[in-house]
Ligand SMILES: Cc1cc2nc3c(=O)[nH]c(=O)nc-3n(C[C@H](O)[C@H](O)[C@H](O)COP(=O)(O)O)c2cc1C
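Below sits a lone chain in structure tokens, taken as the form predicted on its own.
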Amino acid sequence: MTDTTAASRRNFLGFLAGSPLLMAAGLDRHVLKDLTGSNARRTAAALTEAQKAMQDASLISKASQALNVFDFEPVAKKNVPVAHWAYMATGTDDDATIKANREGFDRWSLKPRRLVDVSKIDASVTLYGHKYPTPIVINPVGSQKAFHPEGELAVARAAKAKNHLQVLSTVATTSIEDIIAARGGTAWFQLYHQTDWALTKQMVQRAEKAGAAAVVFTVDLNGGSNRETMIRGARADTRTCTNCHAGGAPIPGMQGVSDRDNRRKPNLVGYRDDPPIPEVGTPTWEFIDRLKQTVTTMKVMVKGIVTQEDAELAVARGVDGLFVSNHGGRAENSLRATITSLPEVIAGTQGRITVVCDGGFRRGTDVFKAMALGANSAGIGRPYIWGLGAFGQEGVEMVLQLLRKEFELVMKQMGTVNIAAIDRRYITPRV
């Protein structure tokens, strides 16, 4: 290195060391001093740390700084262990259906109406006798203590603060009783198929006794799924986590819903040792009949319906509601967005039962489009987990607040003063 080059480099590093951005990023004075020092190794190390700090400085440092839900994602990714992040972020195969879910919303354009008095709007919905100020539902996501120590409890408190409906996963790291207590009101309980009908009955009746208003039977994973991103993330995580995972491998959710290692899954333990009633094969519509006729008086919903044919069968079987869902792209790699599936499911139900749509919802415009296509509510998953992983309860609350603000803004822009006013007149296929 020539003397002129060396001098230029020192001048640049001196300028960099004086950058207010580096100070804002929290670099201490020793790092700043090393940037302009004569020790090449220490200068290189300081430069690496400065580059990282410059990148991190672009992240929001508190929930109130977020402009949209995407602002929480990089903060959560920084906070959450790599295996846990991969468990949440994964789709199936090459994750293409996650992308398809987002792109599906781009196939619809909005048709705003003008000169409507929108000084007051009502975005509330009523679901099975319970009124909520918004149609945005907090969908079930398993193992939430993998993203924040308070897990589902933080989400329940946020749901209480903002008065949202919360749906709890079978494989949650918090019990249904504790969630309903923290929520201060009812929740819905999501059910995965168990191999023992005797256990299923106890599990559903426990949720009903706790105060759940509905059981949401999830059917899109009965054939399994190929979650490559999750497996790659687990391989990259070198921690030993014997407190949570069998064998110590940090793979949340990898044990599925079996009894192999349920130390962190309170909804799967604590039941009577009744004589087992083994299930034969994977569930069919007959399983729904058994739930409704012999187990519970709760509303019975089916999650994972994406066709008109299955929607018609659900209505014929007396199902109370459906989730149009591909498990956030985690079920099958169909490359078909749930917003694309929604119109035909609505055609199959003909408005006779409740329909919630989930999969890729990130904006208020997304929620509006689903409501215009006939959904009664829209479910979110990853966005509130980003908020949870970034800032705990405060992050979840801000995610809910941002989505509600965006949705209500779109309602005003479209000239729709209440939920009943939102229909297909306000959207059109994008050309």
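Given the structure is predicted, the values throughout are model-derived calculations rather than measurements. So that there is no doubt, residue numbering starts at 1 and follows the sequence shown.
Just so you know, the form predicted together with this ligand exists too; it's not on screen, but the next bit is about it.
- Stretch-level contact analysis of 80-88, 127-135, 276-284, 107-115 against this ligand in the predicted bound form, using heavy atoms and a 4.5 Å limit, identifies 80-88.
- This ligand is not drawn, but in the predicted bound form it has no heavy atom within 4.5 Å of Thr92.
- Put simply, His327 is close to this ligand in the predicted bound form: some heavy atom of it is within 4.5 Å.
- Not displayed here, this ligand is approached by Ile380 to within 4.5 Å at the level of heavy atoms in the predicted bound form.
- At a distance threshold of 4.5 angstroms between non-hydrogen atoms, Arg183 is out of contact with this ligand in the predicted bound form.
- Taking Ile176, Val319, Val345, Val141 one by one, only a single residue has any non-hydrogen atom within 4.5 Å of this ligand in the predicted bound form, and it is Val141.
- For the options Ile288, Met203, Val171, Ala337, the one in contact with this ligand in the predicted bound form, meaning a heavy atom within 4.5 Å, is Val171.
- Shown here without this ligand, the chain has only Thr218 in 206-228 lying with a heavy atom within 4.5 Å of that partner in the predicted bound form.
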